[in-house]
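A single chain, nothing else alongside it, follows as structure tokens in the form predicted alone.
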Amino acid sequence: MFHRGARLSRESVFRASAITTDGLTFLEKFDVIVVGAGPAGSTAAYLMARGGLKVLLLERGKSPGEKNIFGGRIYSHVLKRIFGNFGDEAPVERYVVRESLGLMTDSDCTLLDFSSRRRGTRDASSFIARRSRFDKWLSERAEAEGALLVTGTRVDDLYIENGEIRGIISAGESIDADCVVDAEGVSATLARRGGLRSDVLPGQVKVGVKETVKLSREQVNDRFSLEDDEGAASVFIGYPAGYLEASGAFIYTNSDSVSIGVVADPVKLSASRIEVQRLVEDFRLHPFMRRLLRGGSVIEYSAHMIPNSVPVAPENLVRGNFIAAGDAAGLFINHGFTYRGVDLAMASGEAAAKAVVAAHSSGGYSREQLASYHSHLAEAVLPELERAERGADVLHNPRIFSDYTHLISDFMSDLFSIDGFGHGSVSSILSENMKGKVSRIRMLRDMLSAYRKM
């Protein structure tokens, strides 16, 4: 049997026979192996262990979250559903109470800013976190329920016997399990090996580059008009991402630092001969940003791939004894005004756990017995993905990211400029700025399309 919260070495896991250490008996055969101790994997492991299953949670990094990178924002609805008052324990940096949408040119920034204190700070719908801390906390919850976490272990392949998945292979050794949950991330190596995914093409991912700039808590509060554990989240299009469509930038406030970054289409980057490292540097040095980051120092730089528009039907995320979840399942949303991945990963981990526990109760893990994963995803994830897919055409309209960004910047500049010789009407100022940029008919069509699809 397993001892709750116990941790064994990688070597112990791969021994062929059962071992006994300090009264702990370790059996080689597991009900479930979860690959990847990120949000999807640890959520699945937590709920399956709580459901009474023998769960092995494998993580490639030396500790959960060590190699995981993201912008920093997490929507909290799944955590609230699973853990209740998670803020009492989870390593939250700040709760988001201020939202901003920015259109930026090389010299200007037009900002739509929303700040709300209508609810208590901890009731905010999202918060800022650091993956190294958050993932570790989440994996510890899984361990506390009895899941066995083994770090520093790379999974090389699925263990397949007579066409059926029987576990995983690492460093030439196999570990048996009745079911495998693939939560390894965007590379989806196992999902491809198991026939759930095709090769990931450049157009199906985005590249994200992030810098963390050190500031004092007082500086963050002052420059972003925040107090205590309040946080701000801002998204920008236009200049920071080279005016490329379906690309943008972000700012998230940590407790004593600020995370800034750029998310861009690698195909568009390559065609434009733009280096993504240069984009994030130019964003940091923009006049609007210099005031916010003045006196700060870059203490962290990271880059990673993000799933985007991966054509995966939910019914194809399962086969006998195998489920794909999180980034491995291509679950990510870019609405243009927000980026979402972690909450979808946890929701898919929750759905996978429900399906596996039910299949275990029914006595097997066939594709049919795991098929409830589809219905659980349909409740928690698919409506959001479908809405994002409907709006994909809007995000790939180059006029929104270039022409309209310049148009609005010029319009706002003229609107607030007074030369003492009479100020034209708002409509006349807009008409003047539209000349040579976009026609009225074209603008109305774009506005109607955005309204219908988003």
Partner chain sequence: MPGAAEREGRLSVEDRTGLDSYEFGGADFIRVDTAVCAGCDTRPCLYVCPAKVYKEDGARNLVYNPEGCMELGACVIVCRHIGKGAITWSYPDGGKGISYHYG
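What you see is a predicted model; the values in this text were computed from it and never measured. Positions refer to the first chain, counted from 1.
The same protein also exists as the form predicted together with the partner chain; that form is not shown, yet it is the one meant from here on.
(message) I'd like to check something about S216: if you look in the predicted complex, is any of its heavy atoms closer than or equal to 4.5 Å to a heavy atom of the partner chain?
(response) Result no; S216 lies far from the partner chain in the predicted complex.
(message) Please determine whether E386 contacts the partner chain in the predicted complex, using a 4.5 Å cut-off between heavy atoms.
(response) E386: no, not in contact with the partner chain in the predicted complex.
(message) Taking the partner chain as it sits in the predicted complex, is D229 near enough to touch it, meaning that at least one heavy atom pair lies within 4.5 angstroms?
(response) No - in the predicted complex, heavy atoms of D229 and the partner chain never come within 4.5 Å of each other.
(message) Within 4.5 Å, heavy atoms only: does R154 come near the partner chain in the predicted complex?
(response) Yes, R154 lies within 4.5 Å of the partner chain in the predicted complex.
(request) Could you tell me which of 113-121, 278-286, 346-354, 321-329 sits within 4.5 Å of the partner chain in the predicted complex, going by non-hydrogen atoms? (result) Partner-contacting stretch among the options: 278-286.
(request) Heavy atom within 4.5 Å of the partner chain in the predicted complex: which of I274, I175, I333, I82 fits that? Just give me the one. (result) Of I274, I175, I333, I82, the residue with a heavy atom within 4.5 Å of the partner chain in the predicted complex is I274.
(request) Name the single residue among K54, R50, H406, K67 that comes within 4.5 Å of the partner chain in the predicted complex, judging by heavy atoms. (result) Residue within 4.5 Å of the partner: K67.
(message) Using a 4.5 Å heavy atom cutoff, which residues in 276-308 contact the partner chain in the predicted complex? It's fine if the answer is none.
(response) Read in sequence order, the residues that approach the partner chain (within 4.5 Å, in the predicted complex) are V276, Q277, V280, E281, D282, R284, L285, P287, R290, R291, V298, I299, E300, Y301, S302, A303, H304, M305.
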